[in-house]
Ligand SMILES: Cc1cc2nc3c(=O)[nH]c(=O)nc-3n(C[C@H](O)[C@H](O)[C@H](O)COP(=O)(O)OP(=O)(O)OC[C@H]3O[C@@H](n4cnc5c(N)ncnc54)[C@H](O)[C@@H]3O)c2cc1C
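Only one chain is shown below, in C-alpha cells, and it's the form predicted alone.
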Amino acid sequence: MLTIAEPSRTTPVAHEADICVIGGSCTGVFAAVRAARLGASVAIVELGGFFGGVATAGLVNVWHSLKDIHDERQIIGGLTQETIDRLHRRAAVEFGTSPHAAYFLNTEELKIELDNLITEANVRPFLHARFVTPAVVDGRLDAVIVEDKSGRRAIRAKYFVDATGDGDLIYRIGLPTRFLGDIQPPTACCIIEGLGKIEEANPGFKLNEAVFNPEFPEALKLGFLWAAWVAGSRDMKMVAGTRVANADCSDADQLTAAEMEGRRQIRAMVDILRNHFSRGGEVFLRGVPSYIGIRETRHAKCLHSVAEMELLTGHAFEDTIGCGTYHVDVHHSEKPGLTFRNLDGTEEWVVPGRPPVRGRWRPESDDTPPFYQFPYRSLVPEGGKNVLVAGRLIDCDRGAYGALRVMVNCNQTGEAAGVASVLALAENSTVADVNFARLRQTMRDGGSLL
C-alpha cells in the first residue's frame, strides 16, 4: 500500500470538559444532558449538522412502547418520556395502538427539540465535527481530536462516552471489539407521498408485497418492509423496505457502496409504484436519509455480554440500567425476512408474500416475564478506565442485540452512561468501579424507571 508522510504537528485545544460524548444520536444527547443536569461540564461531538441519529438523519419516526407487555406498568421513563412530552406540546407526536409502533414522531421537530435539550443543559455542542483520533496519555484517554470547519482541534475531558454506534472511539483507542457474524443489513428509509391514493385505487394493495413482486422488472430482492405514516400527514409514509446485505458500514468503502445501493433501491420502489399502480402523477419521493440506517457493525467487548435467554427469561441484574419489551428482531443477510422471538415463548419467521412460519422457542408456560432488563456492565469496555459505550455498541449476543438495538432501549443506555460518568468523576474512579446502587438511585432521581 502506498503511503504519504505527514509532518508532525501540534493540535490546539478547543475546549476542556469533565465529560465528552462522541456521537449525537438521541443516545448521545441523552448521555450529555443527564451528565450536565448533574452538574458536570459536558461537550458533545456530532458528524452531522443536527442531532438525533437514526431518528432524524435516518428518517425512522417510530418509537416503541414504554410499558410492559400487558400495557399496564410503565417501565421506561427519563428523557425518552420527557422528549415525547415536549413533542406532544408541539403537536409533533402521534400515538399508535401497537406496542411496536407506540409513538410516531415528527422528526423535523425532534431535531429542534434536541437542540433545546442541549442548550438548556449548557452542553457545548460541536456539529459538523468528525472524530479523527484519540490522544492517550499513560493508558488513559486524555483528549479526542476532531476535524471541523475550523480545522483540526482537540477536546480534552476526564471521561468519555462512545455513542458513535460503530465504536469509532474505542476501536481507535485499541479497546477490544467484535462482530457477531452475519451483520444485520442496513436500510435506507424514505418518505413517499401518494401511497394513500394508491391504496384507494388498488383494493388489496400491499406495499410490503408489491416492491418484492418478481413480476416487476424493478423488484427488490426479497427482504422485508415496514412503513409508518409521517406524523401530521395522511398521504406521506416513511418506508423502510431497502436492505443492503453483507455490508459492514464501519468500513468506509462498504459504507459508500451501501449508501448508493440504498438510494438505488429507493428509486426502484418509487418506480414500481409509478409504473404499475399509479394512474398518473400521484406518487412522489419526498425524502431520502442523510445517513443510511445502520443496524449493526462492531460491538464493544465489555464486562458482561447480555445473552438472548437472559432477556427472554426476564433475568434480573443487580446493575440493571434499562428495561424493555421490544421483541428479539433479527434481520438476515443470508435469507429473506426476519425472525421474531417474544417474551411469551412464541417465535416466527416473517417473509413478505409468504405465510409466517410460527413456532416456540420454549414450551408454553404461565411464567412469562412482563419485561426484560439489561445491565450497566454491558456498557463498560474491557480495559477502559475512563470510557463508556452507549447505544448499539452494547455487548450482547446476536439474539439479545435483536431486541436491544431499538431506540427506546438505546436511549436508556445513553442516560446510564452519562450518569455513571458523573459518578466516576465525583469519586475519581474508573468506570468499572461505579457503585451500582448509587447509579440506579441517581438514574431514578432523574426520572428513569428501574
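Note that residue numbering follows the sequence shown and begins at 1. What you see is a predicted model, and the numbers here were worked out from it, not measured in a lab.
In what follows, reference is made to the form predicted in complex with this ligand, a form of this protein that is not presented.
- Message: Against this ligand in the model of the complex, would residue 425 count as a contact residue? Criterion: heavy atoms within 4.5 Å.
- Response: Heavy-atom contact with this ligand at 4.5 Å: absent for residue 425.
- Message: Is residue 391 part of the interface with this ligand in the model of the complex - any heavy atom within 4.5 Å?
- Response: Residue 391 belongs to the contact set for this ligand.
- Query: Would residue 46 sit within 4.5 Å of this ligand in the model of the complex, counting heavy atoms only?
  - Reply: Because a heavy atom of residue 46 falls inside 4.5 Å of this ligand in the model of the complex, the answer is yes.
- Should residue 187 be classed as touching this ligand in the model of the complex when contacts are defined as heavy atoms within 4.5 Å? Yes, residue 187 is a contact residue.
- Query: Which one, 400, 40, 387, 410, lies within 4.5 Å of this ligand in the model of the complex by heavy atoms?
  - Reply: None of the other options qualify; the answer is 410.
- Message: Going by heavy atom distances of 4.5 angstroms or less, which of 243, 327, 295, 299 would be at the interface with this ligand in the model of the complex?
- Response: Contact residue from the list: 295.
- Task: Given this ligand in the model of the complex, answer whether the residues 62, 163 and 405 all have a heavy atom inside 4.5 Å of it.
- Result: Result yes, every residue of the spot touches this ligand.
- Item | Contact stretch among 124-132, 259-267, 359-367, 372-380 - heavy atom within 4.5 Å of this ligand in the model of the complex | After filtering at 4.5 Å, what remains is 124-132.
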